[in-house]
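Given as structure tokens, the chain that follows is alone and in the form predicted alone.
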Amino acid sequence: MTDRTPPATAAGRRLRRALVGNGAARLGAVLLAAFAAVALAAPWLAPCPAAAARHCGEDPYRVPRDGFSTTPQPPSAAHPFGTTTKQHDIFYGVVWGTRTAFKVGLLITLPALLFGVAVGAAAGYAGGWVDEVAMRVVEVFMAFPFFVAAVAMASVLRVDPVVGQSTLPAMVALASFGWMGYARLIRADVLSVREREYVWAARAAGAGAGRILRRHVVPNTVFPVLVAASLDVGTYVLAFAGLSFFGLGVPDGYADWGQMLAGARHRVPSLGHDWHLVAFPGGALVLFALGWTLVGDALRDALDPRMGGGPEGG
């Protein structure tokens, strides 16, 4: 008997089974849920000190300072995670940095995913010179090392006095060089799916190329790309932290884990004593990326047709 279960419902069931039956996937889901709870509760977990109320009221992502000493303070009742070399409160930065991590990861992945899917699907379905031109453009972008290209573009965009003082330059730089893998991945599947019987039937019924792509081709080829995107969220957050570490991500004092780690490079000889400079923001960064990786693996098991998941046809 033919299985009449809608593809989305079947995929949802496989995803639930993958999350429930896989201990690593459960751990990833718990980690991401914990980070999401911290991000939502940031105003209550790390309220702005009264002495810096005006400072935080203008921008809550600006980490409050406790003086102007260059010697970091160890963890204490006043500063549970200690302070940085510029006396920024690490606990405040880690908590509000969770919001930065979600914003950065999702707002880099989404436009890169949408653009890559659009280019790859159009190239694979149209074929001919459209496919040739699109793939040559992809290859040109892929010729640049990802992080080096992002550093160069972020450096150029940060010259603007307004835009340069936000997360936008680094996010645009990473998204600009992150879409090519999605384009190549979906193009490979579209080349196969466009020859399926249900696609030929839609053509025979008079459906246009746009409708066929939206209704029949993309829904049956997008699952491996979604898996890749879920795995890339953590990667983009790590890359953004790398740009912040080099001074290209966010302004000094912004609630971002990479920017907070940057202050520790001046205390390398004394990290045995100033361990908190690395442990708390670095630990948050590692656990956040690990959570996305574990959940991405579960999505791959549940949705990727090559792993036995995903919808099969029209």
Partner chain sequence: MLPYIARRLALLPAILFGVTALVFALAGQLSPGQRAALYVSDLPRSPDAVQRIIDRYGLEDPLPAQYARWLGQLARGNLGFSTTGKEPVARVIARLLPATLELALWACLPIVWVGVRLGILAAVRHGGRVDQALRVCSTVGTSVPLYLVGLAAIMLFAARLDWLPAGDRLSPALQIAADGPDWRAPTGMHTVDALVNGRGDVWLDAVRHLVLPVLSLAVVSWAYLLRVTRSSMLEALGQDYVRTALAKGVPRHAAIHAHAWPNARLPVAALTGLTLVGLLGGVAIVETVFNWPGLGNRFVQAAVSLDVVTTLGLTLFGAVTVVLGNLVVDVASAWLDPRIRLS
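Residue numbers count along the first chain shown, from 1. The structure presented is a predicted model; accordingly, all values stated were derived computationally and were not measured.
Form predicted together with the partner chain: not shown, discussed below.
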{"item": "Residue contact check: residue 122 to the partner chain in the predicted complex, 4.5 Å heavy atom", "value": "no"}
{"item": "4.5 Å heavy atom contact, residue 191 to the partner chain in the predicted complex", "value": "no"}
{"item": "Close approach of residue 136 to the partner chain in the predicted complex, 4.5 Å, heavy atom", "value": "yes"}
{"item": "4.5 Å heavy atom contact, residue 282 and the partner chain in the predicted complex", "value": "yes"}
{"item": "Listed residue that, although the partner chain is not shown, lies within 4.5 Å of it in the predicted complex (heavy atoms), from 230, 166, 85, 155", "value": "155"}
{"item": "Listed residue that, although the partner chain is not shown, lies within 4.5 Å of it in the predicted complex (heavy atoms), from 114, 201, 159, 106", "value": "159"}
{"item": "Answer range among 94-102, 208-216, 147-155, 114-122 for contact with the partner chain, defined in the predicted complex as heavy atoms within 4.5 Å", "value": "147-155"}
{"item": "Candidate spot 143, 177 and 278, all three touching the partner chain in the predicted complex (heavy atom, 4.5 Å)", "value": "yes"}
{"item": "Residues of 96-129 having any heavy atom within 4.5 Å of the partner chain in the predicted complex, listed in sequence order", "value": "none"}
